[in-house]
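The chain below stands alone and is given in structure tokens; this is the form predicted on its own.
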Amino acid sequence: MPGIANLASKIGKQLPIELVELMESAGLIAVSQGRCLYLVGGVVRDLLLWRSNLDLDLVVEGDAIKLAQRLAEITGGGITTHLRFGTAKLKWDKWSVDLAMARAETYVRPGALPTVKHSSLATDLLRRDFTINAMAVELIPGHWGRLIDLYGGCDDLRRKLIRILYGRSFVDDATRMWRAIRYEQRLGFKLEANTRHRLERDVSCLDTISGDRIRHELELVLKEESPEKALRRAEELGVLAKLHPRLKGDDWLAERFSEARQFSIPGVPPVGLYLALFTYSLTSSEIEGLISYLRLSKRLARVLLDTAGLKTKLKLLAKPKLRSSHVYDLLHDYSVTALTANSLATTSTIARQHIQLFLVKLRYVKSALSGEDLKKIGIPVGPRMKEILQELHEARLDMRVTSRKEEMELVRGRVGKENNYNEMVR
């Protein structure tokens, strides 16, 4: 990295023309307002590493919201503002850019959201999490592309180190522990010795962070290419135990995660499936507590609860020669993600085969006759019709009937028996 002073060429080669043109326009507007404008943070790091990153963060030494409003007029986009922090998000077409005023931050207590005030770029960079994320690139005419590295970010990139910028970094914001681990594992870097020491010393500060913020960091970990690496490291450093003492980042989890990726859409991490496997060792009550603490969405909460509920039925599913209709009855109420998680987690080959049978075939089986068909042959709507429809479905599942004709014969046979019985009773 030494000798790199200008990133103009990298910007032109690595970023889409739409984003480059937006930054050029933003630089011109900033200059017209008597301000300086910078590209900052992770995108600068990834430009230097030749890694793809389209999450643009712009910092202006002045009013970022005013700049965003002007850019919205030019692009025809819309903005979302946060007055407390002096930030705005600009969205247009398929693109988005974050803009913020250069600011200083103070924390009234560990884990609290910061109080902010206008400041210089140097102070703004110093408040960031790690040196490799504390570099900036000038975006104004005459200085376009000039790299600003005040805190040794380039040197730490070269040495493959994750280093905090000041001693109380993890105390002020303990979510940086999760981020340190995520970057370390994503980039193949190592925690700088003093950074690791302070992380292990201050790990109790994770108790000062809300479940919402921890959930956000955990979801980011699970969206990584190989999240099991970060979870293993989090266990080594004592970070995972602060989430729950019985959670593990071991070989079993790594193997299950590797298998889980076979069930995901290419490029889309199977976050729900990862989370179900990650919490598989917990009891139902422990999972309920974790759902409440992390304030998981209804969708993810259902996945975890379904996974725990189905786990209690694995002994039944491990019995050989179960009828298909019985397999269906045991499994049809559970989400596909929970079914997949249990299929990956169970040690029973038979239980796994039954779950796969349901996923691949049984859940798609339907009877040919409908309620309307039954009405036409004189069966009224009500409990009797419901019973017959269920019987038809079970017969289809167990291959006792394989056609509409055979279903009709089954219904007529049942109706005939019922009529004969009624005649005998009379």
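For every residue, the number given is its place in the sequence shown, counted from 1. Keep in mind it's a predicted model, so treat the numbers as computed, not measured.
In what follows, reference is made to the form predicted together with a small molecule, a form of this protein that is not presented.
- Message: Just to be sure I understand the contacts: of N133, S343, S119, S335, which is the one whose heavy atoms reach within 4.5 angstroms of the small molecule in the predicted complex?
- Response: Result of the distance check: N133.
- Query: Since exactly one of D129, E184, D156, D149 fits, which has a heavy atom within 4.5 Å of the small molecule in the predicted complex?
  - Reply: After the contact test, the surviving option is D129.
- Item | T175: touches the small molecule in the predicted complex, heavy atom cutoff 4.5 angstroms | Close contact exists here: in the predicted complex, T175 approaches the small molecule to within 4.5 Å, heavy atoms only.
- Task: Spell out, yes or no, whether the shortest heavy atom distance between R179 and the small molecule in the predicted complex is within 4.5 Å.
- Result: Within the cut-off, so yes.
- Partner proximity in the predicted complex: R45 to the small molecule, non-hydrogen atom cutoff 4.5 Å: Looking in the predicted complex, residue contacts with the small molecule include R45, since a heavy atom lies within 4.5 Å.
- Is G41 one of the residues lying within 4.5 Å of the small molecule in the predicted complex, judged by heavy atom distances? Flag for G41 set to yes.
- Query: Tell me which of 325-333, 253-261, 167-175, 87-95 has residues with heavy atoms within 4.5 angstroms of the small molecule in the predicted complex?
  - Reply: Checking each option against the 4.5 Å cut-off leaves 167-175.
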